[in-house]
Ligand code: ADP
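So this first bit is one chain, no partners, the form predicted on its own, shown in structure tokens.
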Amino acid sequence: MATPVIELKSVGKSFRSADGSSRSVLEGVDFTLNEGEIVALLGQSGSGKSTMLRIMAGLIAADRGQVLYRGLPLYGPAHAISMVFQSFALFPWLTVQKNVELGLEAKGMPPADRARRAEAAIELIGLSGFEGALPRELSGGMRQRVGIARALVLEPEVLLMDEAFSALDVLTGERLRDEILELWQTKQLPTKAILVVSHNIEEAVMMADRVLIFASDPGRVRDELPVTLGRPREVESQEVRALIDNVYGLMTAGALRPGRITEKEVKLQLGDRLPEADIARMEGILELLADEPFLGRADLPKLAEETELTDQELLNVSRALTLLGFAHLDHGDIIITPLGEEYVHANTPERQLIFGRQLIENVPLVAYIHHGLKQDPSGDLHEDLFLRLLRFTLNETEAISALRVAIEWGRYGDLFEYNFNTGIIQIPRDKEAVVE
């Protein structure tokens, strides 16, 4: 029988929106992290994955449900749980040695003992000889090693890694990931269980014993995929490629709306997030799909290799194309629609006309901005008007992102113009709006 280390039972968490209303970030989250396993958590940005990790670490409290550590309620930070963040979060004025010692110092450990423990953690993570270096003197990969050493020096039972490799270049991230796995396999880590939050599907499959798919609005565990392959795993092996394909299928299964995977068809709403996909990438994917060797249909993992896009970038582009009716997703494949084919073969003015029409029909935020401009006597409105509206349902970062995407798409669809200096959105002055 597996031994639970951390258990989340019907956990929920809400935050206050700009209008004072409660916005549910997590709802009904059930999850168990067992001793002796690595679990990977995949999901869209803003789905609540990082919030879940902070609840597990005891850094913030759940509003609903239970959080148990070794069967007992968790009411605050647990000394046996350490967290590694995406940002290196090092104190720039402290040496590597002093950065690693911080947690031990906070626990009141004598200087000689914490120096010895820190030196051992630094050696374990491959930074011997750099104890006296400052963060600015280290590469990105070395700074992240310091962050990992700082977590490991506390000898945690549970290691929570929140996008720990995503700020690194691909090769450095892969090397560090492999070294962590080797330490885990050889039992050199004091850690009994690891939870990895990632956007990288290959990373999840290469590391984890289980892959969880997180859905959004509110965040919850939607799917689980056991990974029974032994380690080390060969990334090009048929078994690993099949698992990656399977995960893509799970992440694109069901009815989709940007930032959300739902079990039933739900139409995009005015206050929803929009996928961060630029026009050039969207058109590039459509053109690839329409050409050889894909001939209208592509396996998403193969398309990721062909385009060198990250998983997150490709999923965002795929969701944007689906939203606009240029493609649809089926079991991890993306398939161009007849409208997508028409778009590929159109010239630039025709593409803009089609794009604008699809925006009006399928993206309520763009349609709302366009309608507002047509109704206003001056034909121009400040972006703050729409940001205030979006803040009712989105946090500040999400609201800014949604409006930025809507403006970029609307400008290309010739529905409105935008003045980057003044923040004014206005109807194109030199022609009639293309969609009435």
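What you see is a predicted model, and the numbers here were worked out from it, not measured in a lab. A residue's number is simply how far along the shown sequence it sits, counting from 1.
Form predicted in complex with adenosine-5'-diphosphate: not shown, discussed below.
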> Is Gly48 close enough to adenosine-5'-diphosphate in the model of the complex to count, meaning some heavy atom within 4.5 Å?
Replying inline: yes
>> Within 4.5 Å, heavy atoms only: does Ile427 come near adenosine-5'-diphosphate in the model of the complex?
In response: no
> Even though adenosine-5'-diphosphate is not shown here, does Asn395 get within 4.5 Å of it in the model of the complex, heavy atoms only?
Replying inline: yes
> Closest heavy atom of Arg54 to adenosine-5'-diphosphate in the model of the complex, within 4.5 Å or not?
Replying inline: yes
> In terms of non-hydrogen atoms within 4.5 angstroms, which of the given stretches 400-408, 364-372, 65-73, 37-45 touches adenosine-5'-diphosphate in the model of the complex?
Replying inline: 37-45
